[in-house]
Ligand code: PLP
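Okay, here we've got a single chain as structure tokens, the form predicted alone, with questions on binding and movement later.
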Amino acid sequence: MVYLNGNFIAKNQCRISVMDRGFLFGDGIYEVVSVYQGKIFSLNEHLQRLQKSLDSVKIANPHTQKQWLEICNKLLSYAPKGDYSIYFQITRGVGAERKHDFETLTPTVYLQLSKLVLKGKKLLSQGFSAITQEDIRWHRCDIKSTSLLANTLYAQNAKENQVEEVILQRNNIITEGATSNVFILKNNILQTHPTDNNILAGITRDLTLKSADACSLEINESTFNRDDLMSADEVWISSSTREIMPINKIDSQAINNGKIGKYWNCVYDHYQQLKND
């Protein structure tokens, strides 16, 4: 079952107009929220970011926070208890004709559940690989827009190169991953790109910083370059579906001789505690 514009229906019965601006222009925003054994994780934080994205593109929020929660719970009631991700998509809506400017329209609202299969600490502890590429995206990466052509191309590059992620750099500054935030650890200092329009500040990013603080790491939200990345003691990426993942090889070069550092273990364990609080 999925949710579409007030109705809970089978996915194969969904119908959206070809005049929907999400279809024509990618004119919409999205969110992804994790659910652990029936418990929706950090929903308020995700809804706050959703509101920020909607405000940035001048789409009215179609629901109150209470209504969003009711929709999510109803959607979850159709599925067996387990781990899921809830995908939210809100487009500007259906216009009378295809044109770039817009009037006030009724937003199209779509939610679906996907099974969330987490890798677990044993598998994560083996470490994962990444490659670096130039960041060619637009300059409002802080908006969680459905216009994700560049990101899909990066994801395909990762697949073709048999790596987990593409780490992006703009003017030799590491911004983020194609679908994640990036952290480096050097001399017990955890560093990540500051929150600005060049990155999408993830909810998991914030929880990673909270967990790092609990592990007595010094936190430095400032820019760093590719040399810093390659010489780091530890490199991590974070996202709702990956949680906190160690990267031990970038562009075929081992990070920290391919070893997973001790601080990742502490931060990962503390993050798991946050999920259960």
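As the structure is a prediction and not an experimental result, all values here were calculated from the model. Numbering starts at 1 and follows the sequence shown.
Missing here is the form predicted together with the ligand; even so, the following discussion is about that form.
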| property | result |
| --- | --- |
| In the predicted bound form, the one of I184, A130, I90, A178 near the ligand [non-hydrogen atom within 4.5 angstroms] | A178 |
| Heavy atom within 4.5 Å of the ligand in the predicted bound form - residue from S53, N248, S240, T223 | S240 |
| Contact stretch among 120-128, 195-203, 102-110, 71-79 - heavy atom within 4.5 Å of the ligand in the predicted bound form | 195-203 |
| The ligand contact at R170 in the predicted bound form, heavy atom, 4.5 Å | no |
| Heavy atom of F41 within 4.5 Å of the ligand in the predicted bound form | no |
| Neighbours of the ligand in the predicted bound form among 1-17 [non-hydrogen atom within 4.5 angstroms] | none |
